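Take a look at this one chain, the form predicted on its own, written out in structure tokens.
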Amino acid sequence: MTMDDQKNRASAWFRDLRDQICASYEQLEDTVDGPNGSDTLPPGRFERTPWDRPEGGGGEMSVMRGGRVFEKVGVNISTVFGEFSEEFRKQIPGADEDPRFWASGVSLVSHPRNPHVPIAHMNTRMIVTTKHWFGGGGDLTPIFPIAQDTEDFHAAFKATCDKHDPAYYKKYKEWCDEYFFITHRGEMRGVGGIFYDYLDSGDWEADFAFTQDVGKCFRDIYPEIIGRHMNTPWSDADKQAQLVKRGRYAEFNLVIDRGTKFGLMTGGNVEAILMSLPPEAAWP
């Protein structure tokens, strides 16, 4: 298989995963019972907006706003190519030898309406320079952590990791805990999950299969957790706690997140890159 074949398979998978997740979330919008009056809202639907990158490639934003379950959720795909800037190429493996790159992926951030439903993030990607690798993961940020949700979320990812390499879960869980740490606050962003990058075992098929399974794992476990809590009533105090947690989320994504920096420094679509920001937030 050529590198072009691999690129095409990866980008097609990211698009297919996007379609599966969007369909699942629209189904949740149809079935929620409408706590706190959200049943007066029409079921949310994704709006898809394609965009082109002048330097090469583009993507498609899929964003739902003002839904009954999801106050805002984005599931974006992109495939971009070109050359890294002289400054940025020093930070990317293989780019110092040749500045040309290709990158494709899917990225999701969910900001539910109900404070009892956790915020969530997932992304998987393939990047090619003179080297090539996969990266991604998924993590959960509850406003009110529930032990069973945390246990089930981690168990799902552990089962996925163990299917491919028994060493993966411990390594990628620890990487997630280290990465999603708000350094200026001295606190974790949420209850973790897994995070991996620079995955190139020498077996592209195996690495791609793992990356697909990471996406499938999140696709399945997060809606299950949503379903447990989307009909739970909430108080004004619950909503205020959610807004404060969203503020923390925004701080991380704007100050620390490497994906945000990568997108901005490679000329990506600004609205797609900042899709992760919540519709409302607060600071105490």
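Please read all numbers here as calculations on a predicted model, not as lab measurements. All residue numbers refer to positions in the sequence shown, first residue = 1.
There is another form of the same protein, the form predicted together with a further copy of the same chain; it is not shown, and what comes next is about it.
For this session: Examine R185 and determine whether its closest non-hydrogen atom to a further copy of the same chain in the predicted bound form is within 4.5 angstroms.
Result: Flag for R185 set to yes.
Exercise. How about K72: is it within 4.5 Å of a further copy of the same chain in the predicted bound form, going by heavy atoms?
Worked result: Taking the distances in the predicted bound form, the answer for K72 is yes, it comes within 4.5 Å of a further copy of the same chain.
Exercise. Is E280 close to a further copy of the same chain in the predicted bound form, meaning a heavy atom pair under 4.5 Å apart or at it?
Worked result: Answer yes; at least one heavy atom of E280 falls within 4.5 Å of a further copy of the same chain in the predicted bound form.
Exercise. Would D19 show up as a contact with a further copy of the same chain in the predicted bound form if we use heavy atoms at 4.5 Å?
Worked result: D19: no, not in contact with a further copy of the same chain in the predicted bound form.
Problem set entry | Within 4.5 Å of a further copy of the same chain in the predicted bound form, all of R65, V255 and L264 (non-hydrogen atom) | Each of the three qualifies.
Exercise. Out of 217-225, 247-255, 47-55, 22-30, where are the residues with a heavy atom within 4.5 Å of a further copy of the same chain in the predicted bound form?
Worked result: Answer to the contact question: 247-255.
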